[in-house]
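Listed next as structure tokens is one chain, alone, in the form predicted alone.
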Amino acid sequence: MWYMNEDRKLMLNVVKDFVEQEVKPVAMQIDATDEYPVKLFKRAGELGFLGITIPTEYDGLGLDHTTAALIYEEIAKACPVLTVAMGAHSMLAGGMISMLGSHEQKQKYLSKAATGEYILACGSTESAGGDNHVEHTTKAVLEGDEWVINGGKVLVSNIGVADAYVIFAATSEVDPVTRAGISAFVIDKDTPGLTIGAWEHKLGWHGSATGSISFQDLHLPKENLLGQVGGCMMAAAVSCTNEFLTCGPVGLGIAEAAYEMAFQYSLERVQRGLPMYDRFQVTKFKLVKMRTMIEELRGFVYSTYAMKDQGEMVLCEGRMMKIRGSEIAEEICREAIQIFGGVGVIRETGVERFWRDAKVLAIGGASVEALQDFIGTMMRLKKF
């Protein structure tokens, strides 16, 4: 592939071995039990996968985003939910600390996040307002040397297992255009006033530890503010974009896994004396279309990551990545189930879980509709 080089090939060999030896044997169990993949997460930290783009100064590898994409793609072929945990940790929460944190905050949180010693979570979504932070009700008020926070967040991944939470709260009246007035804070898990809710039971992403957190008169030292008061939303736009970008390689990995399962099944399942692939033209054509869509997505993923590594913001392209990554993954998984027929809907077969994860990929983090609205606005303003 045009985007491969020797360093990336070496890293890909490491992640392939990790997936084959450690991830695949337990992936079905994680989906069945809804258990957070903490052992795999910690192991990913040991191997450097959580700190790919984190500077070496803070115990990361200091590599490029394309290398991170290769890792996400390969892991998603076996256990997409592990990539969800990694994205919430490294791209969202870790990204905010990386961009806004002081040297001391980076030493305390980012260094431990890079190695997997700490698990991070990011809370931004609220039950009202959707992606419109102006309607959010979580507030932080400065009283002396402490911030007092009240409110709550929903659909936060890594809850209960996280050692620290990056959260957004209004610290003044929020400007509806610039979103100035929203600040970011980092909260340790044992801070009085922080309540962790129960995990939600979801269609897919089993094991993502997703649920609600709330704050009741939570007192936080002034030094737990990330960056400037009221000025976190540009960093949030970048960190969210980086997380949206991962939906491309994750969707690609999901699609590849479902395709390979369906292709192999079509060669092994005999109908009227011949394998399905040879007996039914419709099966062959389905697989041709699936493979074509995979290659289309692959080109989009790695060309966009190349732009990212060249320093471009890719705010719209990153959102398009999540849209197409989830759409293509869902369609290919649906067709894979169709090729399997009746056994395709049986959980023990293993293919239907990829469709469930692809479906949630279109919603979790931000719905494709909300992302389309953002892109449409940028097009109208002639900024894309």
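Remember, predicted model here, so these are calculated numbers, not experimental data. Residue numbers here begin at 1 and follow the sequence given.
Heads up, the form predicted in complex with a small molecule isn't pictured, but that's what we're talking about next.
Novice: Thinking of T66, S303 and M321 as one candidate spot, does the small molecule come within 4.5 Å of a heavy atom in every one of them in the model of the complex?
Specialist: Not a single listed residue reaches the small molecule in the model of the complex, so no.
Novice: What is the one choice in Y265, W205, W147, W199 with a heavy atom within 4.5 Å of the small molecule in the model of the complex?
Specialist: That would be W205.
Novice: Select from the listed residues C247, A76, C122, A258 the one whose heavy atoms reach within 4.5 Å of the small molecule in the model of the complex.
Specialist: Filtering the options by heavy-atom distance leaves C122.
Novice: Does V360 reach the small molecule in the model of the complex if we count a contact as any heavy atom within 4.5 Å?
Specialist: Although the small molecule is absent here, V360 would touch it in the model of the complex, with heavy atoms inside 4.5 Å.
Novice: Would you please decide whether D17 lies within 4.5 angstroms of the small molecule in the model of the complex, comparing each non-hydrogen atom pair?
Specialist: Flag for D17 set to no.
Novice: D373: heavy atom within 4.5 Å of the small molecule in the model of the complex?
Specialist: Yes, D373 is a contact residue.
Novice: Examine S90 and determine whether its closest non-hydrogen atom to the small molecule in the model of the complex is within 4.5 angstroms.
Specialist: No, no contact at 4.5 Å.
Novice: Out of the stretches listed (267-275, 104-112, 127-135, 304-312), which one is close to the small molecule in the model of the complex, meaning heavy atoms within 4.5 Å?
Specialist: Going through the listed ranges, the match is 127-135.
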